[in-house]
Ligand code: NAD
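Shown here is one chain on its own, the form predicted on its own, set out as structure tokens.
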Amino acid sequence: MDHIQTKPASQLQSIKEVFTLQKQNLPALNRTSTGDRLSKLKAIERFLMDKDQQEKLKQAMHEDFRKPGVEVMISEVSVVLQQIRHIKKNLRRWLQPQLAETPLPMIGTKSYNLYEAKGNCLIIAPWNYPLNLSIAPLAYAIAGGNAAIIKPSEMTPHTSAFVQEMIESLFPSEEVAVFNGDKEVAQALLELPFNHIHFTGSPQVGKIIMRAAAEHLASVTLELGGKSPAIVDRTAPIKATAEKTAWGKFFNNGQTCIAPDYLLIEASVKEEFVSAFQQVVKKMYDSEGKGVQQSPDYSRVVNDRHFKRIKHLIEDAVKKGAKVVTGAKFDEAERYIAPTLLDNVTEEMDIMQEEIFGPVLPIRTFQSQEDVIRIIKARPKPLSMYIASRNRQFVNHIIDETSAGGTVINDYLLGYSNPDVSFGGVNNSGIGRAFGKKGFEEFVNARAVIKRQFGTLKMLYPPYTNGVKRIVAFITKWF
């Protein structure tokens, strides 16, 4: 059928119409073969491999927040293609009925889990990785045989328009649709009885999504964030660790849910790290001596509100005694904040109370392993944790005594890179998992099927005679 065009005056009505069309189409989508689903994924793959489309995407993201083209390819295009190729490789196996063992008292039955589509799915994507976090979840929704509506972020309008044009060129609206708009559009979508909601964003908005889902008892995947610590002890190779930390922090201008949010470094190596960090920042973003602001490889804060929020965090910290090691330079017209390193940071500062989501790294020092554990456990469980150390005992102790959605040792951002390792948070940092087999399972119902092939349980039917009681006692004791 033709795509339903959503004009501002009728967009809310169009949302309801598309939702209804998708609901009516669910039985057909659930019956689609593995080959049909793979064909849809291949269409996305071809689109993103097209050089012209890649250039359009790069331009859109540059207009939204000056994201460098290399970072667009690494974190947007390549990640989505990697997930699609992983699904292509594994989908036939994932969709096979999963046989279960038969316990002795159930001799004569056959049991298996049958994966069926959950149904109407809503994907609410954030602004920081607007293509990646729209299309990667969609790939898993398609793999599961679902219909989907995507709500991209209004904060990256050029990329969101690209996503809409892409989807409308590849899918009829009864299968996949995109609705762009502000909070009013999001609210209209959340009022509908979706079967599953996949949301990526902040814990604060995650609570709103969960409340809305509860009205319809919809399942949710919440990929949230939090304050992800980067821990460095004296055994770590300091220069290499400083380089990795700067890359992990300033990639996408620090606007990454798994970016290191604060640094916990052993006091004896802090000065060495700080010196190496300053040199690395200059090498990465100011190698020609023209200033970081002139670098084509350093993106910008997404909008004025976030610029002012991050600037306040820096100014509040300085006012309360933090020392600016490097950075803390601003250009509001460009939404530019220089790569910033803050020392002498304390828990009373706002910067240690909320996720920064910008190019600022506060430093705290520690003397013992217990200092690290105490600081980490004083706040909600993070989405990611980073440990730089050559001391296996130190690493294992930190892992054993803390909790996080994921942990990376001696590097950064890799928790999002291996589709065989599921990605997600815990409690405040998220619910459910994304990517890989676990990500696929978020979009399907594991329907338990038990088939009686021979035999009976008639010997356990009422009346409950002494003979029945003896059989039950025997089963209870031995099986």
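Everything numeric here is computed off the predicted structure, so don't read it as measured data. A residue's number is simply how far along the shown sequence it sits, counting from 1.
The same protein has a further form, the form predicted together with this ligand, not shown here; the description that follows concerns it.
**Student:** Consider residue 357 of the chain shown here, and say whether it contacts this ligand in the predicted complex, taking contact as heavy atoms within 4.5 Å.
**Tutor:** Result yes; residue 357 sits at the interface with this ligand in the predicted complex.
**Student:** Given that the partner is absent here, does residue 315 sit within 4.5 Å of this ligand in the predicted complex, heavy atoms only?
**Tutor:** Taking the distances in the predicted complex, the answer for residue 315 is no, it never comes within 4.5 Å of this ligand.
**Student:** Find out whether any non-hydrogen atom of residue 260 is located within 4.5 angstroms of this ligand in the predicted complex, and reply yes or no.
**Tutor:** Heavy-atom contact with this ligand at 4.5 Å: absent for residue 260.
**Student:** Residue 133 versus this ligand, in the predicted complex: is there a non-hydrogen atom within 4.5 Å?
**Tutor:** Yes, residue 133 sits close enough to this ligand in the predicted complex that at least one of its heavy atoms falls within 4.5 Å.
**Student:** Check each of 86, 151, 335, 118 and return the one that places a heavy atom within 4.5 angstroms of this ligand in the predicted complex.
**Tutor:** Exactly one listed residue reaches within 4.5 Å, namely 151.
**Student:** Taking 4.5 Å between heavy atoms as the contact cutoff, choose which of 340, 253, 128, 159 touches this ligand in the predicted complex.
**Tutor:** Of 340, 253, 128, 159, the residue with a heavy atom within 4.5 Å of this ligand in the predicted complex is 128.
**Student:** Can you pick the stretch from 203-211, 366-374, 395-403, 282-290 whose heavy atoms fall within 4.5 Å of this ligand in the predicted complex?
**Tutor:** After filtering at 4.5 Å, what remains is 203-211.
**Student:** Quick check: do 19, 94 and 196 each get a heavy atom within 4.5 Å of this ligand in the predicted complex?
**Tutor:** Judged in the predicted complex, none of 19, 94 and 196 sits within 4.5 Å of this ligand.
**Student:** Taking this ligand in the predicted complex, which residues along 358-396 bring a heavy atom to within 4.5 Å of it?
**Tutor:** Only 383 sits within 4.5 Å of the partner.
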